[in-house]
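Presented as structure tokens, the chain that follows is alone, the form predicted alone.
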Amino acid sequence: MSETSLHANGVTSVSMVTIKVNGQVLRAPEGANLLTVLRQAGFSVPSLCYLEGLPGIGACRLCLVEIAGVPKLQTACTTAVRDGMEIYTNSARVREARREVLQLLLGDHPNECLFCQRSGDCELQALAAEYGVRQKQYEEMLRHFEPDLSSPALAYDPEKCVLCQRCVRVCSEVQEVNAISLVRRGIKTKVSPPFEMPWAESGCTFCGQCTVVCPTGALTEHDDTARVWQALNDPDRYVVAQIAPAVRVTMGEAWADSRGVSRDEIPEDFSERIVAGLKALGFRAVFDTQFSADLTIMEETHEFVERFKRGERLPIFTSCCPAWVRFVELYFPEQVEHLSSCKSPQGMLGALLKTYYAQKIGVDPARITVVSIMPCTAKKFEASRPELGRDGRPDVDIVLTSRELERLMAQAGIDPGKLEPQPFDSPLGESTGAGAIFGASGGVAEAALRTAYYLVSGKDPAPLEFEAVRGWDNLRTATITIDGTAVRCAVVSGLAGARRLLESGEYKQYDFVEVMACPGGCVDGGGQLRPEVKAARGLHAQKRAAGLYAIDQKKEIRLSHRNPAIQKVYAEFLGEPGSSTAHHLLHTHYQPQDAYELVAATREKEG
């Protein structure tokens, strides 16, 4: 028996049907994905291939369920709900089938859990424990591949890959980059860029979304924790750190989750707990990337206003996100001229630490090692770019993701939540609310609009919130009027939206375009701690973004141009926004490339 729910206007929205699961009667939308329905109802059904929001493909075969009247077990992720279904998720037949699937997966999986980066955070490992698989029935490894460590951002070990295709689907269906796919056939099948190009030379943007969804240790960030320990243990090195906005909300969330306490109990000053933890590790000083987010606003907004007045190379594209910058360089090289020449906040702070700060403390810049703590794998790639440095010296030496920071703290036995808070170091540690919201999609645009309003009108905006650029749609637009002048703004969340904007030519309608490669922004970046895969990732991103907006609300100063530390740096060192010194240190240039030409060259080389 089905029932139809109606909207107030009388339009049919969804037809509800009755199903029975393990003897329990449920109401569910007709045609809905069965796996999603089961999980939302509280029934634990495993899967290594399913991604919330995408159609099921049944690649891993672990979500098998028994349906009355159907002879064979069915994969729940590829089954649509229909009226009268009677489903068994945990029968002896189902459990034995899942155990057999796990045995087959483990039979061709290396036995190196003790040394794997994902040990303790591996879905395959967890399922083997859950189903009591304690030894292999099939001992021979049939697939033998060399890992690809060519990229400074990502590492891929094909022997740990279970061919679940999550990475491929995120790349093609969520991000629409299509940089990787399954190649070869049979037991030689693996994930790879076209023609088995090295990842570093491929069309990969290094956004890292693949590492977030990978269920095993096949795809991970390029681990640089050993390099940090080496620097910390070198008495000749002066090691400093910077912490990105999105990292503080993520680390606070992880601290609460690991202790089984409500996230409402996260200390408000958790960023200062992270500072204390890094000082305990041996860092000489810790600075706030929110400071250089304010600095970015000063330079980028100045650049925008100058271009806007001249009507030159509009729209201006934000350049804070290195995966987005690489996406433009590779897939839309003719649009590179629209990118802001500003370095990202990471690069700006690194440049100041090795010039202005080095002079302040009287330390040779060659001795300073800058370690960035970022929510992003692409930041590793960015730090390796020769354009982000001077005289052969990089602005940033080492980039750690949020995940690597958690491992680093664990290796030292440090619990930042139990430490006495310590403030960021001066003079590059003071930030505004505008700098805090950089980690959420729309945050860069909102921070820029706050200061652009002042630069154009000479007045601070009221209210400070530009709500129109906030939200979770992959494309949001707003028109802001400043002293009678309309500024048209677009905010793009995720590379799929960026592709549509550029391919359609719609970008020409706007004056200012913010793009963050990761859906939701840095709060759900490719280097962030992995949320429970069974939960909706978007919800995690929204909670993290809410944390950043709360920081903004509580800041005494919420406008980048009102930051006294920023004003001091300009007065003592940079001069003014857009000055020759500022351009030399804080701006760069980007290189048009062509991903398709790279593939063609590889194909020709391979014959």
Partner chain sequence: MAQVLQIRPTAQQHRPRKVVAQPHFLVGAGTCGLAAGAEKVIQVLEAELAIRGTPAVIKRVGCMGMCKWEVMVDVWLPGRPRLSFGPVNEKNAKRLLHEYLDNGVVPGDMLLGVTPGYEEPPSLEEMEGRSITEEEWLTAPIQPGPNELPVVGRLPLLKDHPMMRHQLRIVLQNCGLIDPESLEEYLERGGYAGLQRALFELSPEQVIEEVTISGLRGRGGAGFPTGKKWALARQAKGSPKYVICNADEGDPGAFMDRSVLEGDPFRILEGMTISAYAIGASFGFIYVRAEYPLAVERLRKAIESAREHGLLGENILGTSFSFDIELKIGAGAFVCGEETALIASVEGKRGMPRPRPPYPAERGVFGCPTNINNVETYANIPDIVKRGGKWFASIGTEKSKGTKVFALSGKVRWSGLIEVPMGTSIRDIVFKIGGGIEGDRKFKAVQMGGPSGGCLPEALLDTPVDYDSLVAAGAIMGSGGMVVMDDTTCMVDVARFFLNFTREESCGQCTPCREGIARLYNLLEEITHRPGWNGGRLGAAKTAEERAALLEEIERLGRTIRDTSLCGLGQTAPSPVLSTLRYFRDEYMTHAVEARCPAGRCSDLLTYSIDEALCQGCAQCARSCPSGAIGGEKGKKYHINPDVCIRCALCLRVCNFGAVKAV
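Positions refer to the first chain, counted from 1. Since the model is a prediction, treat every value here as computed from it, not as a measurement.
Not pictured, yet referred to below: the form predicted together with its partner chain.
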Heavy atom contact within 4.5 Å of its partner chain in the model of the complex, the stretch among 126-134, 458-466, 99-107, 248-256 | 99-107
Have a look at A28, L34, I566, L64 for me and say which one sits with a heavy atom within 4.5 Å of its partner chain in the model of the complex.
-> L64
Please pick, from C122, A358, I480, V162, the one residue with any non-hydrogen atom lying within 4.5 angstroms of its partner chain in the model of the complex.
-> V162
Please run the contact check for R143 against its partner chain in the model of the complex: heavy atoms, 4.5 angstroms, yes or no?
-> yes
Are any of the heavy atoms in I557 no more than 4.5 Å from a heavy atom of its partner chain in the model of the complex?
-> no
So in the model of the complex, does any heavy atom of S341 sit within 4.5 Å of its partner chain?
-> no
Might R488 be said to contact its partner chain in the model of the complex, defining contact as any heavy atom within 4.5 Å?
-> no
Since the partner is left out here, which residues of 38-64 would have a heavy atom within 4.5 Å of its partner chain in the model of the complex?
-> I57, G58, A59, C60, R61, L64
